[in-house]
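Below you will find one chain, with nothing else, as structure tokens; this is the form predicted on its own, and questions on how it binds or moves follow later.
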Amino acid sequence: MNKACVLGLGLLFATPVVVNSADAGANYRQHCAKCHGEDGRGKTKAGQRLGARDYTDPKVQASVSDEAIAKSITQGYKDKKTGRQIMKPTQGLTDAEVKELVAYMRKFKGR
């Protein structure tokens, strides 16, 4: 085998595989915006009915950790007083997509 062919095969196998994943904005619009709103304020009909937090509020942002947001995305969210399911778990997201969603929601702070 010539050197160019060996080099080409080496580059092919060394290149990271890109998984088809939606960007954070698309995932947010698909899974979160119905309740949390396009702007993160939670002022949609569903968001107001369920008491969705306003993620533009710095106090709200400071009151919740990245881990808690990720857990709500992957496992859903229950009312702490009543135990009632408020937010269903989001299905089909990779760990990387969940992390990107958390970062996307953090950008709402102070808007």
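Since we're looking at a predicted model, the values are computed, not measured. Counting begins at 1, following the sequence as shown.
One more form of this protein, predicted together with a small molecule, exists but is not displayed; see below.
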**Message:** Can you work out whether residue 103 and the small molecule are in contact in the model of the complex, taking contact to mean some heavy atom pair no more than 4.5 Å apart?
**Reply:** no
**Message:** Taking any heavy atom pair closer than or equal to 4.5 Å as contact, tell me whether residue 83 reaches the small molecule in the model of the complex.
**Reply:** no
**Asked** Is residue 58 a contact residue for the small molecule in the model of the complex, using a 4.5 Å heavy atom cut-off?
**Response** no
